[in-house]
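This document opens with one chain alone, in structure tokens, the form predicted alone.
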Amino acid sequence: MNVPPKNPSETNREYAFRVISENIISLDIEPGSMIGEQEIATVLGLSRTPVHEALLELSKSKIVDILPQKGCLVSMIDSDLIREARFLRITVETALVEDACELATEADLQELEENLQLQEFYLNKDPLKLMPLDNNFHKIIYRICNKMQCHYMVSLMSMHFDRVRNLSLHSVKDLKIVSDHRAIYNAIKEKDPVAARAAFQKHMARFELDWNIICQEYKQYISDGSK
């Protein structure tokens, strides 16, 4: 398990939640594996209470299943949960990219541009570094629209989808992530909500191809009903 340092502003529960969720999304904690509260608490240097609270929060999105007296079972990759997460993201973020065309300031555009430049830098050098930049690109748009509570709720459900996004960085040879983000950015900069909607929905539609590739290469992580 990868254990990053605790941020000064984080509570113990927030730290436990972040570390567990990041390790599940990266598959450092593999689908179908068991994890225990005491084991995680020891690794993180925490008491069991914040770890227990973090796992309870994660169980709400069905990314883990709490088994009394046994521990927590990390869910297999399930196409139904992925598609539900995608539906939520598409519904919320289509509206957000349209609103951002009206609300984005020059400072907001500069922040998006700097993020994109980093994405373009890492695309061919180290694609695995794209995931946090991708997440932050979308998070900036939530912040532009003053919808950070929505961001938290969507992020919780999106962990199912995020595992597939992470696997696509390993499997998909012709990544379109950065060019898609550039198209979304250009539409926001030009204050064109129709183009922003079209660019975002094209971005999300790439899942079907990625999913077919991942089902072939990572069969061991996919639930039987999803293959």
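Whichever C-alpha set is largest while still superposing within 1.5 Å between the two forms counts as the rigid core. Quick note: we count residues from 1 along the sequence shown, nothing fancier. Just so you know, these numbers come straight off a predicted model, no measurement behind them.
A second form of this protein, the form predicted together with a further copy of the same chain, is not displayed here; the remarks below concern that form.
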item	value
Heavy atom within 4.5 Å of a further copy of the same chain in the predicted complex - residue from I140, L156, L73, L123	L156
Candidate from M131, L116, C150, A104 lying within 4.5 Å of a further copy of the same chain in the predicted complex - any heavy atom	C150
Which of 185 to 193, 27 to 35, 198 to 206, 49 to 57 sits within 4.5 Å of a further copy of the same chain in the predicted complex, heavy atom basis	49 to 57
Contact flag, S61 vs a further copy of the same chain in the predicted complex, heavy atom cut 4.5 Å	yes
Non-hydrogen atom contact V92 with a further copy of the same chain in the predicted complex at 4.5 angstroms	yes
Heavy atom of N146 within 4.5 Å of a further copy of the same chain in the predicted complex	yes
Interface membership of L109, a further copy of the same chain in the predicted complex, 4.5 Å heavy atom rule	no
Those residues of 72 to 101 which, in the predicted complex, come within 4.5 Å of a further copy of the same chain by heavy atom	L81, E84, F87, L88, T91, V92, A95, L96, D99
Did R13 shift 2 Å or more between this form and the one not shown, C-alpha, core superposed	yes
Core-aligned CA displacement of R48 at least 2 Å between this form and the one not shown	yes
